[in-house]
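First, one chain by itself: the form predicted on its own, in structure tokens.
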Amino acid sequence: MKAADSAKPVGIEVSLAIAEAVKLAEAEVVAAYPITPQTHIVEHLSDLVANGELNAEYVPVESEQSAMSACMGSSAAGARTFTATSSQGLIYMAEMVFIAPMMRLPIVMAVANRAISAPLNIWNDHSDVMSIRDCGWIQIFAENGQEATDMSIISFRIAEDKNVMMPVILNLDGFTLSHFIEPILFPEQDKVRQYLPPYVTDHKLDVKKPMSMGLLGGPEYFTEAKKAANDALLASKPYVTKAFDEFAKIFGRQYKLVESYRTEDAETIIVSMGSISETAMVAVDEMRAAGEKVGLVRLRLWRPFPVEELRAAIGGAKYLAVVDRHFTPGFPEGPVATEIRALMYHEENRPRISNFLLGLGGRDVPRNHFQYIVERAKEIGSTGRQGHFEMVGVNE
């Protein structure tokens, strides 16, 4: 990310900054149910609506499932719609989450990523969003407060593009990002309106022009409907890039689907997502200073998976140390590593891929963990082995 704003940064909790960004996006309906650690987002939005700063319908629902149901109704009626959730709340909401993309409803949802019970844990990892990774939504990961703020606005632009019309999940790490106070550059309202015009759709529920949505799909239609939704999700990728590029033209901060750090001559590349990436960058700097040829690749777009961009970013490496914040019980690998291994399988000179589980349930990830996984990736890779999986920091 490259910042070029002239406005003075504001020190603010990231959750509150997201709510302020939703206000700048002029959301029209907010469906809200509290669950740690996303509660501050919807609490602040309730304040903004109550004091007249945001002209929106605030719907305090009785559950997360009801929150997504309300979102689908408001979006189907043509309103710019936002909600937020986390962990068990996302699981409770899951029944409705899978329906929204099939109905092509451009809802934006912030997910403050948190571990799923049991045991009960309110701290960060990626097990909540990975449990619904096949839900059909566009999915983005933010790694700091500025990105989370900007992506809240960008997500509406992506979702509502007439060539997309798909819901978007904005992932931010719970507590380690959501509850931190950071200096944030807030876009000016008139520039946001220039970037994000009012939401208008021709396909909406209207009592004057009755129509039905979400009807029964029998065997003769179901496969075709699923294929159409998947085709739309895959086809959204260039419009995600377009939204990033147009944001950069107006606000001076450029985002990419996949971002590389010090990878030009790297023999070993770490692959990560989310706020953990900033710790990884510091570790890379330290290893570089010690003469280690190491770099970092960060995934910002998780769905649709950025196949070509990621392949180009990691293709020159000898070894990959893929970081997962969730693992697949019963299978010796995490979801990010599994997809990267499949992506690179047919490459003639594919790197040796090792997979490391870090920070499960909010466990600290110090810089030396990244130094460790680089050494292990080289050690395992030099033997010619593929498929190494390791939980780092167990019983420390």
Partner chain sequence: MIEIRFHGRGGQGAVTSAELMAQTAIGSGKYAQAFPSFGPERRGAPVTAFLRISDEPIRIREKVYNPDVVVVLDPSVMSVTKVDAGLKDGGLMIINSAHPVESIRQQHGFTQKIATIDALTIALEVLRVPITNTVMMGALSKACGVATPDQVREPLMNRFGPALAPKNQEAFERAYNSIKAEG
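Just so you know, these numbers come straight off a predicted model, no measurement behind them. Residue numbers count along the first chain shown, from 1.
FYI, the form predicted together with the partner chain isn't displayed, but the following is about it.
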Answer key, the partner chain contact in the predicted bound form at 4.5 Å (heavy atoms) among 295, 145, 106, 89: the residue is 145
In the predicted bound form, the residue from 200, 282, 289, 118 with a non-hydrogen atom within 4.5 Å of the partner chain is 282
In contact with the partner chain in the predicted bound form (heavy atoms, 4.5 Å), from 180-188, 263-271, 248-256, 150-158, is stretch 180-188
Hey, with the partner chain in the predicted bound form, do 34, 134 and 336 all fall inside the 4.5 Å heavy atom range? no
* May I ask you to state whether residue 171 is within 4.5 Å of the partner chain in the predicted bound form, using heavy atom distances? => no
_Although the partner isn't part of this model, could you tell me whether residue 176 comes within 4.5 Å of the partner chain in the predicted bound form, counting any heavy atom of the residue?_
yes
Please tell me whether any heavy atom belonging to residue 367 falls inside 4.5 Å of a heavy atom of the partner chain, as the geometry stands in the predicted bound form. yes
query = Does the 4.5 Å heavy atom contact test between residue 11 and the partner chain in the predicted bound form come out positive?
reply = yes
